[in-house]
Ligand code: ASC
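Starting off, we have a lone chain in the form predicted on its own, written out as C-alpha coordinates.
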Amino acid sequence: MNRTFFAAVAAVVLLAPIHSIVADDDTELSDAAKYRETVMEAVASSFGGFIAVYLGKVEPSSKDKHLIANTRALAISSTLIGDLVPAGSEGGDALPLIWTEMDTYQKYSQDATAATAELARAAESGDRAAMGKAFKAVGTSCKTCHDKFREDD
(Lines give C-alpha, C1' and ligand atoms only; values in the text may rest on other atoms or scores of the structure.)
Protein backbone atom coordinates (compact mmCIF):
# COMPACT_ATOMS: atom_id res chain seq x y z
CA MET A 1 0.00 0.00 0.00
CA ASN A 2 1.26 3.46 -0.76
CA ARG A 3 1.64 6.52 1.46
CA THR A 4 -1.07 8.37 -0.45
CA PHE A 5 -3.66 5.79 0.51
CA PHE A 6 -2.69 5.94 4.17
CA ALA A 7 -2.73 9.75 4.15
CA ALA A 8 -6.27 9.74 2.73
CA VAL A 9 -7.48 7.19 5.28
CA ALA A 10 -5.84 9.14 8.11
CA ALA A 11 -7.52 12.39 7.01
CA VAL A 12 -10.94 10.77 6.91
CA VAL A 13 -10.52 8.95 10.21
CA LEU A 14 -9.27 12.05 12.00
CA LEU A 15 -12.21 14.10 10.77
CA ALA A 16 -14.91 11.47 11.27
CA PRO A 17 -16.87 11.50 14.51
CA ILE A 18 -15.09 9.01 16.73
CA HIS A 19 -18.18 8.42 18.87
CA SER A 20 -19.77 6.06 16.41
CA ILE A 21 -16.55 4.11 15.80
CA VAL A 22 -16.06 3.17 19.44
CA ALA A 23 -18.93 2.87 21.87
CA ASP A 24 -18.28 5.08 24.88
CA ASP A 25 -21.16 3.84 27.00
CA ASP A 26 -23.91 1.26 27.13
CA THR A 27 -26.66 3.66 26.11
CA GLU A 28 -28.66 2.42 23.15
CA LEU A 29 -29.26 5.11 20.56
CA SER A 30 -32.55 5.46 18.74
CA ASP A 31 -32.57 4.68 15.03
CA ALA A 32 -33.00 8.42 14.37
CA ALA A 33 -29.89 9.25 16.44
CA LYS A 34 -27.91 6.51 14.65
CA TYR A 35 -29.07 7.91 11.31
CA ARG A 36 -28.00 11.42 12.36
CA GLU A 37 -24.53 10.13 13.17
CA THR A 38 -24.35 8.27 9.85
CA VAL A 39 -25.23 11.39 7.87
CA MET A 40 -22.76 13.49 9.86
CA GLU A 41 -20.05 10.88 9.20
CA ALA A 42 -20.81 11.22 5.47
CA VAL A 43 -20.44 14.99 5.77
CA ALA A 44 -17.12 14.61 7.59
CA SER A 45 -15.84 11.99 5.13
CA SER A 46 -16.64 14.12 2.10
CA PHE A 47 -15.05 17.18 3.68
CA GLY A 48 -12.02 15.07 4.62
CA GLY A 49 -11.74 13.79 1.06
CA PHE A 50 -11.84 17.33 -0.28
CA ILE A 51 -9.19 18.46 2.22
CA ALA A 52 -6.86 15.59 1.35
CA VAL A 53 -6.98 16.39 -2.37
CA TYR A 54 -7.08 20.19 -2.04
CA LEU A 55 -4.04 20.25 0.25
CA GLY A 56 -2.15 17.79 -1.96
CA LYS A 57 -1.98 15.04 0.65
CA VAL A 58 -3.24 12.72 -2.08
CA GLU A 59 -2.68 13.19 -5.79
CA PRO A 60 -5.32 11.28 -7.76
CA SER A 61 -4.76 11.22 -11.50
CA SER A 62 -7.93 13.23 -11.99
CA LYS A 63 -7.63 15.75 -9.16
CA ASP A 64 -10.44 18.02 -10.39
CA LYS A 65 -12.86 15.10 -10.59
CA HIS A 66 -12.11 14.19 -6.97
CA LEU A 67 -12.48 17.75 -5.73
CA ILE A 68 -15.81 18.07 -7.51
CA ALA A 69 -17.14 14.67 -6.39
CA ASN A 70 -16.23 15.23 -2.74
CA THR A 71 -17.73 18.72 -2.65
CA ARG A 72 -20.92 17.61 -4.40
CA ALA A 73 -21.33 14.77 -1.90
CA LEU A 74 -20.67 17.22 0.94
CA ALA A 75 -23.21 19.70 -0.39
CA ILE A 76 -25.86 17.01 -0.86
CA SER A 77 -25.33 15.49 2.61
CA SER A 78 -25.38 18.94 4.19
CA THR A 79 -28.91 19.56 2.92
CA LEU A 80 -30.06 16.84 5.35
CA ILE A 81 -28.61 18.36 8.53
CA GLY A 82 -31.71 20.41 9.41
CA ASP A 83 -33.87 17.27 9.40
CA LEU A 84 -31.65 15.20 11.69
CA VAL A 85 -33.01 16.18 15.08
CA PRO A 86 -36.64 15.13 15.36
CA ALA A 87 -38.20 14.81 18.79
CA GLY A 88 -37.18 11.54 20.38
CA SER A 89 -33.79 11.40 18.66
CA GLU A 90 -31.81 12.75 21.60
CA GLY A 91 -28.48 11.13 22.33
CA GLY A 92 -25.20 10.47 20.67
CA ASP A 93 -23.00 13.52 20.23
CA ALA A 94 -25.93 15.94 20.02
CA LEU A 95 -26.41 18.09 23.12
CA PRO A 96 -29.98 18.44 24.50
CA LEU A 97 -29.69 22.18 23.82
CA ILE A 98 -30.55 21.53 20.15
CA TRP A 99 -34.13 20.67 21.05
CA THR A 100 -34.58 23.84 23.12
CA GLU A 101 -32.87 26.14 20.60
CA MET A 102 -34.21 24.68 17.38
CA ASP A 103 -34.35 28.06 15.58
CA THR A 104 -30.61 28.54 16.12
CA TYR A 105 -29.88 24.96 15.05
CA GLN A 106 -31.93 25.47 11.87
CA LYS A 107 -30.06 28.72 11.13
CA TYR A 108 -26.73 26.91 11.50
CA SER A 109 -28.03 24.13 9.26
CA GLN A 110 -28.96 26.65 6.56
CA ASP A 111 -25.53 28.26 6.89
CA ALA A 112 -23.88 24.86 6.37
CA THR A 113 -26.03 24.15 3.33
CA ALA A 114 -25.11 27.50 1.78
CA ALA A 115 -21.40 27.17 2.59
CA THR A 116 -21.09 23.64 1.21
CA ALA A 117 -23.00 24.57 -1.95
CA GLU A 118 -20.57 27.45 -2.48
CA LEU A 119 -17.63 25.07 -2.00
CA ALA A 120 -19.09 22.74 -4.63
CA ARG A 121 -19.50 25.67 -7.05
CA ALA A 122 -15.91 26.74 -6.41
CA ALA A 123 -14.61 23.22 -7.04
CA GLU A 124 -16.57 23.00 -10.27
CA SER A 125 -15.07 26.30 -11.41
CA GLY A 126 -11.54 25.12 -10.66
CA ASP A 127 -10.78 28.44 -8.94
CA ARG A 128 -8.39 27.54 -6.10
CA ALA A 129 -8.75 30.94 -4.43
CA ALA A 130 -12.54 30.55 -4.37
CA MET A 131 -12.13 27.02 -3.02
CA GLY A 132 -9.90 28.32 -0.23
CA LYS A 133 -12.40 31.00 0.73
CA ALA A 134 -15.32 28.54 0.61
CA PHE A 135 -13.30 25.93 2.52
CA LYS A 136 -12.86 28.42 5.38
CA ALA A 137 -16.58 29.22 5.36
CA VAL A 138 -17.49 25.53 5.60
CA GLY A 139 -15.04 25.02 8.46
CA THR A 140 -16.42 28.03 10.31
CA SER A 141 -19.99 26.83 9.77
CA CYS A 142 -19.22 23.36 11.14
CA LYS A 143 -17.26 24.73 14.11
CA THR A 144 -19.97 27.23 15.06
CA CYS A 145 -22.62 24.52 15.24
CA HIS A 146 -20.38 21.92 16.89
CA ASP A 147 -19.21 24.38 19.57
CA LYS A 148 -22.81 25.03 20.58
CA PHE A 149 -24.62 21.77 19.92
CA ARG A 150 -22.14 18.87 19.86
CA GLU A 151 -20.70 17.06 22.84
CA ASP A 152 -16.92 17.27 23.12
CA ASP A 153 -15.09 14.04 22.39
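The first residue of the shown sequence is 1; numbering continues from there. Since the model is a prediction, treat every value here as computed from it, not as a measurement.
From this point on, the text means the form predicted in complex with this ligand, which you will not see here.
Peer 1: Would you say all of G139, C142 and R150 touch this ligand in the predicted complex, counting a heavy atom within 4.5 Å as a touch?
Peer 2: The answer is yes: all three residues contact the partner (heavy atom, 4.5 Å cut-off).
Peer 1: Is it the case that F50, even though its partner is missing from this view, gets within 4.5 Å of this ligand in the predicted complex, heavy atoms only?
Peer 2: Close contact is absent here: in the predicted complex, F50 is far from this ligand, nothing within 4.5 Å, heavy atoms only.
Peer 1: Taking the shortest heavy atom distance, is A44 within 4.5 Å of this ligand in the predicted complex?
Peer 2: Heavy-atom contact with this ligand at 4.5 Å: present for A44.
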